[in-house]
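Shown next as structure tokens: one chain only, the form predicted alone.
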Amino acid sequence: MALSTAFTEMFGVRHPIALAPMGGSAGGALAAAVSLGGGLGLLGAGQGDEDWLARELPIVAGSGRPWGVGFLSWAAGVGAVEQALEYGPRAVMLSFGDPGPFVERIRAADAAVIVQVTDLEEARRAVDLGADVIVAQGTESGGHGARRGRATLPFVPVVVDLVAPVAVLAAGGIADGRGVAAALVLGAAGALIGTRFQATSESLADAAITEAIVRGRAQDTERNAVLDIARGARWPTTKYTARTLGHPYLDRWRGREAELAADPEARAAYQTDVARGVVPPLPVWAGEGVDLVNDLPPAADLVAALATQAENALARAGRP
């Protein structure tokens, strides 16, 4: 049986599963594979690099299935969003920052607006803007999220109640079908999944990163701003941190973020260490569900497996 929800009906997909639009991992091939598997593949456009979009958009658009694209609201320009809209996505997801400047252009292109939120104020803003889908992101998620966020389990139902009847996707720490089932029980219309899809055969992530995810454990993950500061990323670190696996610079500068930010020599040393191969070029973004990741399957097969696991979990929960 297929799990039909407001999300699956809205986008005409078989399963209530969406690919998190992870920068550096969710390229055209991965997004297309998720869509072909019956979920909604979301291209990770991040800050909206035009050359990257020109390369990856035709790949996912050629899947013949519903797909979308995600941008960082604080960093992407309107031109990048318009470039993506030329390829006819069914949805555009906006995360981290004010989505307001983009909403009318997305609607004019007849695409759905998906807004990711990390607190209730952002959820109210998304409703006011007329979001079609709201992603409630808990702090268990890999990569960037709220510095002072809430865990997925208590956060999702509060958002569901607050924004009803707008469809909600749960995000954060979901890495198998049991997590998808839990999201549905909490009242969400589906799950947005990142780390689990980062470790698939179509992911753009470097092999060293996917290997680290397969080997990683949740107790080794940590939310921090150290690595964004060290590598000179433009992320607004006063509001957003990132959950990563361990890293030498994290050990060196943990609790000393302000000192690192004020030390240009330390940041230059980071770039030197990257160039010398002493540290990896990118942090390993990984959520607390990383314990459940132990292989690198094709993404379409993974979508089907997650859906079957979710169906079985719900059936077991319904037994006396």
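Source: prediction; values computed, not measured. Counting begins at 1, following the sequence as shown.
The protein also exists as the form predicted in complex with a small molecule; that form is not presented, and the subsequent description refers to it.
- Message: Only one of 176 to 184, 121 to 129, 140 to 148, 98 to 106 has heavy atoms within 4.5 Å of the small molecule in the predicted complex; I'd like to know which.
- Response: Heavy atoms within 4.5 Å of the small molecule in the predicted complex occur in 140 to 148.
- Heavy atom within 4.5 Å of the small molecule in the predicted complex - residue from Ala225, Val163, Leu72, Ala111: The option sitting close enough to the partner is Leu72.
- Pick from Leu302, Val13, Ala310, Met22: which residue has any heavy atom within 4.5 angstroms of the small molecule in the predicted complex? Of the candidates Leu302, Val13, Ala310, Met22, Met22 is the one lying within 4.5 Å of the small molecule in the predicted complex.
- Query: Can Trp285 be called a contact residue for the small molecule in the predicted complex at 4.5 Å between heavy atoms?
  - Reply: Yes - in the predicted complex, heavy atoms of Trp285 and the small molecule come within 4.5 Å of each other.
- Message: Taking the small molecule as it sits in the predicted complex, is Gly172 near enough to touch it, meaning that at least one heavy atom pair lies within 4.5 angstroms?
- Response: Yes, Gly172 is a contact residue.
- Gln116: heavy atom within 4.5 Å of the small molecule in the predicted complex? Gln116: contacts the small molecule in the predicted complex.
- Task: Verify the contact flag for Gly27: yes if a non-hydrogen atom of it lies within 4.5 Å of a non-hydrogen atom of the small molecule in the predicted complex, no if not.
- Result: Heavy-atom contact with the small molecule at 4.5 Å: absent for Gly27.
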